[in-house]
Each structure stands twice: as C-alpha cells, then as structure tokens.
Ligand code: FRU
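Consider the single chain below, provided in structure tokens and representing the form predicted alone.
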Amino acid sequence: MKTWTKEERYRVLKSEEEIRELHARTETSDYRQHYHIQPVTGLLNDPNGFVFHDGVWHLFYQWCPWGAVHGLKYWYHTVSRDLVTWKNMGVCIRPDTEYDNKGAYSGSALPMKDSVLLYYTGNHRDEDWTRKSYTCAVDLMDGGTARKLPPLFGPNPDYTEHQRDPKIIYRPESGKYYLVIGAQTRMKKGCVMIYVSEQPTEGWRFAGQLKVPGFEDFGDMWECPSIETISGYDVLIFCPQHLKLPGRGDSVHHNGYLLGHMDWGTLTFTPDNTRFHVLDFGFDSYAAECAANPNDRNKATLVAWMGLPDASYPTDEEDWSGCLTLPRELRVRDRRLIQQPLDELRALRGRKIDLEYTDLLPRVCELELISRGGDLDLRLFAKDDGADGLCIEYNDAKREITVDRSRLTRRFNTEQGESRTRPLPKGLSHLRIFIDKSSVEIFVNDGDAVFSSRVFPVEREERIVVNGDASVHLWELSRAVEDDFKVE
C-alpha cells in the first residue's frame, strides 16, 4: 500500500491530463458501480450541495483526485433530472484562494432565481499547519459559471479549530437565513454553532450555540449537522464522532438523528426522548445530506457517503475509493424516520430471473423478498456449495434481523465489527435489496430499517441461497451513472 507524503496529498490539480491515465486504470476495476455515484479518479467522501433547481437535481461530492487518500479536496459536480440517471459535470469548486488553500470542505446549497448558492468550509492552513476554517460561498449561475464570493466569516475564537460543514436554512416566517455548522467546544465536546443573517451572502453574525438538552456530552465533534422538517417533525441530523454506541462494534463515527422540536428564537432543539437513532444500520454510511422535496415540503431526499472516516477499502489498492448511497425518500412513521427507495428506480429493471432454474446472482440487480413468516436465512455471494457469503438472517423468536459480512473472502475494517443487528418488533414482512458491483443496500419492511454496506466479492462468490418461507423476485438492473472522464 502506497505511503503518501503531505506534498503528494495536497498537490494542486492543474490539468486533467495529469490524471487521465489514472482514470483509464480506474474504470477497468471490476468493482466500479453501475448505478451509484463514484469518483472519476481518487477518493470520494461526503456528498455536498444537494439541491433541486429549475428542473435539475444538483449533487456534489468531496473529491481528492490523486488516489484513495484524504488530501486536497475539491467539489465535483453531478446532475440528474430523475435522481436515478446521473451525469458528470466536472469540478465546480477548487481550493484556489487564501481562504481554502488546503481544501474546499463540505457544505450545502440554496436555490435562487437564476443560480444556486453553494456554502462550504474553506480549510486554510498556515505555514506551521495551523488550521483556520472560513465559511465561504460560491454563486453557481445557470450558465454553469461558478463565481466565488468573499468569505462570509472566519473562525469563531470561542471554539476549537474544528468548525465545518455549513448547512443553509431559510425560515420564511422570520425572513432570516441560518447557517448551522458542526463544531467542537473548548472542552472538546461536540456541538452546533448557528449564524444568522437577513441576506444570504452578507451580514452574517454569530447567533449562539444550539442547545440540545440531554446531549451536552455526546462525542467530541459533530459533523454534517442539519435541521429538517419532515412529516410535521423537526429532525436534527448529525454525525457525532469518537464515541461508541451499542451494537456498532468498535466504530466511533456515526450518522444519526433526533426527532423533536426546534425553537429558532431560543436556538433550542428539544428531543422527544433521549435516544439517538442511527440512520443506517449497515457498515458503511456517513455524512448524510438532505435536499427538500420540491413538491412536498414535508418530505426530504437523503443521500450519504457509503463509507466511513478512518477506514480503508479493497479498492484502495487500485488507487480509488468511495461511492454515494442511492437517494432515499424520508418520511416519519411511528415516530421514526423511514427511508424508502425511489419509485423511479423501477425504470432500471431489465430481465427478470427465475430462481427455480438458477442460483447465480447477478452482480448488478434488485431483489425483492416477501416473507410469509418464520425464520429466514438469505445468503448473497455464497460459494458454489451454498456456504458463506453476505448473510442476512431473521430470527422470528427474537424478532431480530442480522447482517453479517464476516464470511466473505475479502474482509476489511474488521475492527469496526462485522455483524449488525436491528430489532423488528413487528417481525419481518418485506426486503428490497439493491446490489451493485461493490455495494448492497437492504431496505427492511418498507423502510423501517436500512443496511448500507460495501462488499467486494471475488471469483466463485456468485450464488444466492434462500432458506425460509418467502417469495423472491430478482431483476437485472441497467446502468444509470455515466463513468465519463470530465474534469474541467
């Protein structure tokens, strides 16, 4: 495995010709996805600036072009009209000013009349490598021109250097704009800073720290915070770092939410209870980004990085890493967020496969299983004798579903735990599973729970085994994401 120097990781990309050969090698990988957003080269991590504007969905991602390494970050731009088929547009934000000299970090977007405003963290480093975080903005005009604006404000001296990931929120009842920013107090506690203005690009002032009763000591940094209104509930979504949660192995980075009520006057989010809900029960999900639904403000669409900080993946050896989850529609049901695959995904269905005649599992497919009750043992990517593979087991007596990837040949991030269990108080009735070349997303009981995980099957891990009383439907899926090499 390559050891990267600081100079290599933070090298400025001056021309697409510098990475053309790397892209050519990358696209030959057997693990390149067919309907998930993935990097043209190098590393992808957080989704950014997810927004609907003038009939088009815009979605950006953090991109380090040189390899599977966190270094100098750019915003790479993709677009879609249906949230299913995506087109590469190239780099949108480059770290090319004093304020973002070591990276254009994560942020959000606000649709305007003739443009989209992008808000991001400018990661500045002094010569002694001291970090200063600037909250910056870009005006992405409908013609495609991206114009950087003067920084909105600099680092807040009352907090540590960890201040990032601005989420823009407009409150029409007050006519005010808010920026919600992940931060760390001087006592090394995770928190959220809030800034306010009457204008989207000027006049910003510090309003205060978000108060979240019962969560004053919950991890040492909160990344990617957002406050959404869904089905009449306020939802605080964030990523607490450096704490362990039951059932999550030794993982210390989590993506989850609180349901409750947001009082913008007092900057207080009051949770309904003291339970932090995990957004995704799989092994690989972080940095969720939400976009408002243009037709129903009580809904939202979520996409996340199918990966984790401080983790490694088998494609690191091929000099690329990362992909995004499928976009999911968010609702609240039984006082929990549910995530459902979009109806538009059905358009990708191709040939239907009859499992009475074959047990070969396509590498790009959708599986729908309807349980008639009782225990279930479903194995994906099993060996020729039906053993091993990605094991999905439902225990009816315990009312629990477990996903275990320890029996795949290519094991990775084992210290994070290789088994995840989710209680199902109402039992198991339905699974909808999306399989791409190197990922599996499992939607349980119409969105009651989701397991998103990277998997890297090898030769002869190609069987499907179903033990239990269930009907199973399987379709091949078409390609939906262009893998075109576009940088400029």
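We number the residues from 1 along the sequence you see. Everything quoted here is computed from the prediction, not taken from an experiment.
Heads up, the form predicted in complex with this ligand isn't pictured, but that's what we're talking about next.
Although the partner is absent from this view, Val303 stays clear of this ligand in the predicted bound form, with no non-hydrogen atom inside 4.5 angstroms. Heavy atoms of Asp280 never reach within 4.5 Å of this ligand in the predicted bound form, leaving it off the interface. Taking the partner from elsewhere, Tyr105 is found to have a heavy atom lying within 4.5 Å of this ligand in the predicted bound form. Taking the partner from elsewhere, Glu441 is found to have every heavy atom lying beyond 4.5 Å of this ligand in the predicted bound form. Annotated contact segment (heavy atom within 4.5 Å of this ligand in the predicted bound form): 157-165, selected among 377-385, 157-165, 260-268, 294-302.
Distance criterion of 4.5 Å from any heavy atom to this ligand in the predicted bound form singles out Tyr286 from the list Tyr76, Tyr313, Tyr286, Trp320. For the residues Ser453, Asn45, Thr26, Gln33, the 4.5 Å heavy atom test against this ligand in the predicted bound form is passed only by Asn45. Residues Glu223, Cys224 are the members of 210-224 with a non-hydrogen atom no more than 4.5 angstroms from this ligand in the predicted bound form.
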